[in-house]
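One chain follows as structure tokens, the form predicted alone.
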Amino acid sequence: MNYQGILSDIYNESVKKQERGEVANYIPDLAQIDLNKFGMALVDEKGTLYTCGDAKEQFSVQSISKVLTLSLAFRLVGDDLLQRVGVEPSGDPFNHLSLLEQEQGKPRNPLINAGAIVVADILVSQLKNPKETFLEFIQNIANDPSITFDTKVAQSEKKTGFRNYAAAYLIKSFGNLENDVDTVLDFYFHQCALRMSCEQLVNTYYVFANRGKCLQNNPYLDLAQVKRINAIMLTCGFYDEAGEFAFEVGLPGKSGVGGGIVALLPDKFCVATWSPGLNPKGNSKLGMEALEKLTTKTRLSIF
């Protein structure tokens, strides 16, 4: 498969687009990102890396981090996690609270904000140094000690994350949050403020395409956990646009309001895109289109 040629074709088509969506201006530091940025990276089953555009430039991964905290929580508590958070698609935007009230503080799935806050609470309870241990977990999977938090973005989110505070206190009111809200959200805002490039994302998420083993072939998750995480990404990774992504692209994946998307085809490849302009659902407009082109041009998807 000529992945490099396909990525180059997609890049050349994408950069000509005038309509690129809008940046996430409700987070002050993300509002300053250049709308014209666009990059892609893909790593195949042999570990060969292909890139185009701004694939080496780091950006705020935001909700893409939720899959990584979920993975670490699965390693620590296994299926006990499912007693506190479900696995069903929400059908609602990522920050809505209505289902949380209706379902008595148990979030519908771990990839909406409320679910990720519960997962953060589990990690805060389980780990002596949650932020440091989580960062080390990612650095080890990616074999890249340069991956770190953007503390400026974390502070920006802390000052403006009113809906996340509302969700956390609502969960707490139903007894599904063990730690102080401020402590849990400090961890949550830092995980969302991870800075990674498309290259670093595919190196990290390769573990989900490679049966739980990273690029260096070290095992991090068992096959049953990988299967479940990939299923949750397919059904819940794009919030109330998850069905559209499955329909158009046909891959498990996860988006973030920083403009990143990462997706994978088990045993074949892992791909990441970055374009900071978002569509009305909060997913990267050019990124969604680029991934549809990728599975169309390669004729590779899970379907």
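Small disclaimer: the values here were computed from a predicted structure and weren't measured. Sequential numbering from 1, following the sequence displayed.
Quick note: we don't show the form predicted together with ligand GLN, though the next part is all about it.
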*ligand GLN contact at Cys192 in the predicted bound form, heavy atom, 4.5 Å*: yes
*Applying a 4.5 Å heavy atom distance criterion, does Glu199 contact ligand GLN in the predicted bound form?*
no
*asked:* So, Gln62 and ligand GLN: in the predicted bound form, are they within 4.5 Å at any heavy atom pair?
replied: yes
*Consider Asn113 of the chain shown here, and say whether it contacts ligand GLN in the predicted bound form, taking contact as heavy atoms within 4.5 Å.*
yes
*Which one, 43 to 51, 264 to 272, 26 to 34, 245 to 253, holds residues whose non-hydrogen atoms are within 4.5 Å of ligand GLN in the predicted bound form?*
26 to 34
*ligand GLN isn't shown here, but in the predicted bound form which of Leu68, Leu234, Val257, Ala55 has a heavy atom within 4.5 Å of it?*
Val257
*With ligand GLN left out of view, which of Asn210, Asn176, Asn230, Asn164 would have a heavy atom within 4.5 Å of it in the predicted bound form?*
Asn164
*asked:* Heavy atom within 4.5 Å of ligand GLN in the predicted bound form: which residues of 201 to 237 meet that condition, in order?
replied: none
